[in-house]
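Starting off, we have a lone chain in the form predicted on its own, written out as structure tokens.
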Amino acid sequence: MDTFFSGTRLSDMIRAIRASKTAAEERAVVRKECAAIRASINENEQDYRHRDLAKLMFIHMLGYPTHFGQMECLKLIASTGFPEKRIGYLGLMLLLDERQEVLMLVTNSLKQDLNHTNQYIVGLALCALGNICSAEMARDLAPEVERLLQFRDPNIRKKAALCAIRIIRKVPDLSENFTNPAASLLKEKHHGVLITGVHLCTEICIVSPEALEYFRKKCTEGLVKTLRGIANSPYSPEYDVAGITDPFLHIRLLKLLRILGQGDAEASDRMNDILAQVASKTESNKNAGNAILYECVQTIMSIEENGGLRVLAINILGKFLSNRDNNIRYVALNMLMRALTVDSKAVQRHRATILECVKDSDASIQKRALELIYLLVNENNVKPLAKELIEYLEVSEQDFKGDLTAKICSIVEKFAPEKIWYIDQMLKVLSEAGNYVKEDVWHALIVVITNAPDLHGYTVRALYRALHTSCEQETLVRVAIWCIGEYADLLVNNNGMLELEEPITVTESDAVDVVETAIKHHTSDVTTKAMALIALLKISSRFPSCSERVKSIIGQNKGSFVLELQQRSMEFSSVIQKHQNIRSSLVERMPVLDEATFSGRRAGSLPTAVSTSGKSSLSIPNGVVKAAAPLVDLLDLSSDDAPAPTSSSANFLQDLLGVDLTQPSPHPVSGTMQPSKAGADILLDLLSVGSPAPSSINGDLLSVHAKNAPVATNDTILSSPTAPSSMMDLLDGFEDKVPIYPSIVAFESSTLKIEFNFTKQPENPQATDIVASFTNLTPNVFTDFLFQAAVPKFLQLHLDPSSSNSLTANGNIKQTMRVTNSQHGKKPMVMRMRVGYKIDGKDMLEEGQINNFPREL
């Protein structure tokens, strides 16, 4: 006889499976047992049906397929005996779920069992329905469940209430059928029935506004009375948990009161006294008491305003912060962040405790406390809070330094009372965690420094001192060498000394030493070395006595494998050696950088030639990455305020090319020079033009004029018969081969303007590239910005992502698209568009049709 057959007991099968030493042995045991069960099912052996299903449930829990036994559940449910029904319903809940079509066959059996005379069978049916009820079953069986809410046995009423919760979640429209029965359950004395009744009322209030008003008017007083009775009840061993009577019922009642009091002042007034009693009398030395207090705080913060209660609630959260349990402290920090919008003054009183949480060993508590401290900072407390955070920055863990540094920089920049304090704090941050400071932060620091002329000397001296103690911080080195390059004379001469400063002696050679160290340091990257070369070039102009040494240091990079450094070294060496007359103009002190313009670019509301995002880099031909944002932004090349060349550099092009374009004139005229033939030939060779007849060249271009000679303009040169075709080839095709199409205003409303700019490639006339420009005409910020478009079938549309999904006030974003017209020349382009965005969380939608495309597209 086979070891495994239909009559094998469940315990024997479990013993055999546990005795398996390998997964293969276990699969063999399960496979044999499943085969025996299938044989028993085929033979319709009723005596072993409940045993087979019990074994199938165990096999199912092991993760093996048991779908072939689902019908056995229905057969057992349809039997008359309680043991068979119990196994059948257990199998139904375990082996099936609400998505199985087989469940349709069990609805009738459930209905019969819900009306059964045996209350235990009724309980089985309610348990099954509460676990696997689908929307169809809920509609069919809701009347039976509603009736059972008035059943004589409390256990049946409790199960019926739980089943009603499932029905309401599946079909919210049925909530009105359960409103009155649920209200009657709130008067129950049996705690099991009462807690399920409160839960049922909570679910009904969530899905039905009408029921919510009904419970507010009819049940608020009763709920307050019930909560007061439980809070003041004597010791009851049946419901006692850690010295507190039924904390689970406490929490359920508080949740329901929170829903009833939210948005209703009258209901909130009724529950103020009991909430104050629960908050003040509940013991907090046990976890059950803390759970009740937390739920009470949530209720107080959600109902209508009561200043005294809210202060009491925030004080409870302050006590939670001193708890040794990390979970309690974390939920307290979360709750305080919500409370901050309600009563910031009460939260401010716990600032010291919150600050201690920033120094906690738990990473989650650290980050949450830091976010809360960031929200607590204002103009009045920024100095002590920044001091505490910077002091902790010195001893904080490496994983936390990045977040902490970002928050400190943001706080200091946002709430700085004066520029000298801002500079001091930023220097401390750069000295302690400069490698964690983002680019836009130290760019902003340099902008502030340039706008504080009375602090230039103080700043460069402070940076010089810091550089000797924290040379490993890359960002500190960059800011320091930038300032030394600009204000080296103030550093050496001790100009602009403040009373709080200590005197410092720095020679010209010392200033060069600092920058040389930055270039040669093994950790310095390309950007730092490039900035150091610029600083050396400026120092050579400030301190002529150091020119030879600076030239030597710069020349050491002529053989650098980094093309950027090699190019700078060659150019700067040439400037120092050959172009003394223009060096002072090239390295004049930087003009004051406009703070408002920089802030606008940083926020993205103003266009900028170079992106200042973290990904702003240019690819150098030899593969080295050059950070573009710092140098371009600092030089402010897009500004019209750049200093013009002085009279010492009258013939700028001559110095730029490194050749002598002029010769001495026997009769010099003020402000003019006689161009030589050789110089003209060089310039024309540069433009790929043959040797023309001697003529003067436009003075605006070369800063030279011919005496008593007509000026040859660009048009004259291009139309000259002596100019070969190579010049025309150089400029050929810019007008004829790339047609220019006028831009159009595709859509305009009171809030938004959309413009389209078009380009087409001559080799593909059917395709049109469109750059859509979206302009916000309001002072509000558009968030979740989304542009959608649709075209007819003869057009194909490809949309690229927009440059941003947030459109700042009076700002601009762009989005590119390509439209391919299969009927080009026959049918014009047309487009339907829709724009969606949010203003202060409110959804906005604008639609329109674009018919004014140029016909030639």
Partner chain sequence: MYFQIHFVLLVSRQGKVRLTKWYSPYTQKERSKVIRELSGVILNRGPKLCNFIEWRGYKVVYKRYASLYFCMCIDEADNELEVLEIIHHYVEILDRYFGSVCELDLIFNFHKAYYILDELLIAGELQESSKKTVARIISAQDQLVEAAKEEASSISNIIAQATK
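Throughout, rigid core stands for the largest set of C-alpha atoms superposing within 1.5 Å between the two forms. What you see is a predicted model, and the numbers here were worked out from it, not measured in a lab. Numbering follows the first chain given and starts at 1.
The next section is about a form of this same protein that is not shown, the form predicted in complex with its partner chain.
Enquirer: Are Phe82, Leu162 and His190 jointly within 4.5 Å of its partner chain in the model of the complex, each by at least one heavy atom?
Expert: Verified in the model of the complex; spot residues all in contact, yes.
Enquirer: Considering non-hydrogen atoms and a 4.5 Å limit, which listed residue (Phe785, Phe756, Tyr294, Phe400) is close to its partner chain in the model of the complex?
Expert: It is Tyr294.
Enquirer: Only one of Arg461, Arg478, Lys158, Lys538 gets a heavy atom within 4.5 Å of its partner chain in the model of the complex. Which one?
Expert: When its partner chain is considered in the model of the complex, the option within 4.5 Å is Lys158.
Enquirer: When the contact criterion is heavy atoms within 4.5 Å, does Arg152 count as touching its partner chain in the model of the complex?
Expert: Looking in the model of the complex, residue contacts with its partner chain do not include Arg152, since no heavy atom lies within 4.5 Å.
Enquirer: Is Asn290 part of the interface with its partner chain in the model of the complex - any heavy atom within 4.5 Å?
Expert: Close contact exists here: in the model of the complex, Asn290 approaches its partner chain to within 4.5 Å, heavy atoms only.
Enquirer: Check Arg258 for me: does it contact its partner chain in the model of the complex (non-hydrogen atoms, 4.5 angstroms)?
Expert: Because a heavy atom of Arg258 falls inside 4.5 Å of its partner chain in the model of the complex, the answer is yes.
Enquirer: Considering only heavy atoms, tell me if Ile87 and its partner chain come within 4.5 Å of each other in the model of the complex.
Expert: The answer is yes: Ile87 has a heavy atom within 4.5 Å of its partner chain.
Enquirer: In terms of non-hydrogen atoms within 4.5 angstroms, which of the given stretches 208-216, 452-460, 277-285, 117-125 touches its partner chain in the model of the complex?
Expert: One stretch meets the cut-off, namely 117-125.
Enquirer: Within 4.5 Å of its partner chain in the model of the complex, counting any non-hydrogen atom, which residues from 185-205 show up?
Expert: Heavy-atom contacts within 4.5 Å come from His190, His191, Gly192, Ile195, Thr196, His199, Thr202, Glu203.
Enquirer: Superposed on the rigid core, does the Cα of Arg166 end up 2 angstroms or more away between this form and the one not shown?
Expert: Yes, the C-alpha position differs by at least 2 Å between this form and the one not shown.
Enquirer: Using a rigid core superposition, assess whether Tyr89 undergoes a CA shift of 2 Å or more between this form and the one not shown.
Expert: It does, since the Tyr89 C-alpha is displaced 2 Å or more between this form and the one not shown after the core fit.
Enquirer: If you line up the core, does Ile484 shift 2 angstroms or more at its C-alpha between this form and the one not shown?
Expert: For Ile484, whose C-alpha is compared between this form and the one not shown after core superposition, the shift is less than 2 Å.
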